[in-house]
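Let's start with one chain on its own, the form predicted alone, as structure tokens.
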């Protein structure tokens, strides 16, 4: 069946755009290196019409498909773990004209976040989503996973930026919702439904995105604390005092120390503090004095470093941005991307570390994250077996009122644990939507729902 399908697909997209063998290597392993699969072919359609035709053929031959953008996912949701065909969006990479009246832009799904940011910057505008993987993560992939990142505190998740989408359902039907109308209360919001669907309901081919003003003045500070409670409280104070606050990133001494060691950076603020908070505001004028004033008024700050120029700002941000790379140099980590209520963040960190240490004594736990929106990234290296931790960590998160997935999605990594958090009624509703949008079950069949 696969061979027959691929013969038809070659006629649709062209022989050169159906890749097989060793050339598929970059498409069958995820960014973390934890999830490795195989595929009979990587298909690279060049238009929405070609995507629709490929999906129709795969449906007729009962061949499963995994839509893939930049393949920067971390939960095994974008790689062919069960031999699926990979549907790569790489060739769908056009950025439309910026609509300055609506402050919107239409882009293809294969455009990277960095390409989008660069294109709109020349108009004095910005896209509200940003994160370390901007150079490879694509618009389609970030919508499918409802990506978060560094600026959720001020601008919201990807869902908040999506005005409309063009999507190919599992039936091969094309739904075009690219009009750009902000107010359009004509029934269910299909663009919202596609955000976070992880390629299980349809293949996103285009998106209409909200843009924001590019406020050129950025004020950045690194604050040191003696405990996490004080850092969380300070974040809440700054959110009220500074409307332009865009980022509040929590880091612990061990993670900062690792970054400094791996990249030969000087230890910040003497290197003696257990907790750090990196905060940044964006405004239309230089508001550094206001930031300094409010930092001085904070309770519990042990020391501060204020970036006086862009070079210093970049150095401060390296302490946070290079966490993931530094941890990966230690070893392939087991990742837990979780959200906690703000009043539980400080208590969760020692509980999680103690739990992990008890279950995996040879491991090391690294915790950092977007404290302003309650999102912590728990990375564990030195494990003998990865699944020894999953259930216990997720039980702890749920018991403390949190979510087992903050911004990475469910993928295959968390599908078995989703029923711990979502009710039977909720899961039945999700499965019902899946059945309508993808009646033959060919779109990312192993993702979200535990098989």
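Numbering follows the first chain given and starts at 1. Keep in mind the model is a prediction, meaning the values are calculated, not measured.
What follows is about the form predicted together with ligand FAD, which we do not show.
- Contact annotation: residue 317 falls outside 4.5 Å of ligand FAD in the model of the complex, judged by heavy atom distances.
- Although the partner is absent from this view, residue 199 contacts ligand FAD in the model of the complex, with a non-hydrogen atom inside 4.5 angstroms.
- Residue 208 falls outside the set of residues with a heavy atom inside 4.5 Å of ligand FAD in the model of the complex.
- Ligand FAD is not shown here, and in the model of the complex it never comes within 4.5 Å of any heavy atom of residue 268.
- Annotated contacts: 71, 132 and 204 all touch ligand FAD in the model of the complex [non-hydrogen atom within 4.5 angstroms].
- Of the candidate stretches 235-243, 303-311, 75-83, 256-264, only 75-83 has residues whose heavy atoms lie within 4.5 Å of ligand FAD in the model of the complex.
- Think of it this way: in the model of the complex, ligand FAD has a heavy atom of just one of 324, 106, 115, 283 within 4.5 Å, and the residue is 324.
- Shown without its partner, this chain lists 408, 34, 61, 44 as candidates; in the model of the complex, only 408 has a non-hydrogen atom within 4.5 angstroms of ligand FAD.
- Residues of 280-297 are not found to place any heavy atom within 4.5 Å of ligand FAD in the model of the complex.
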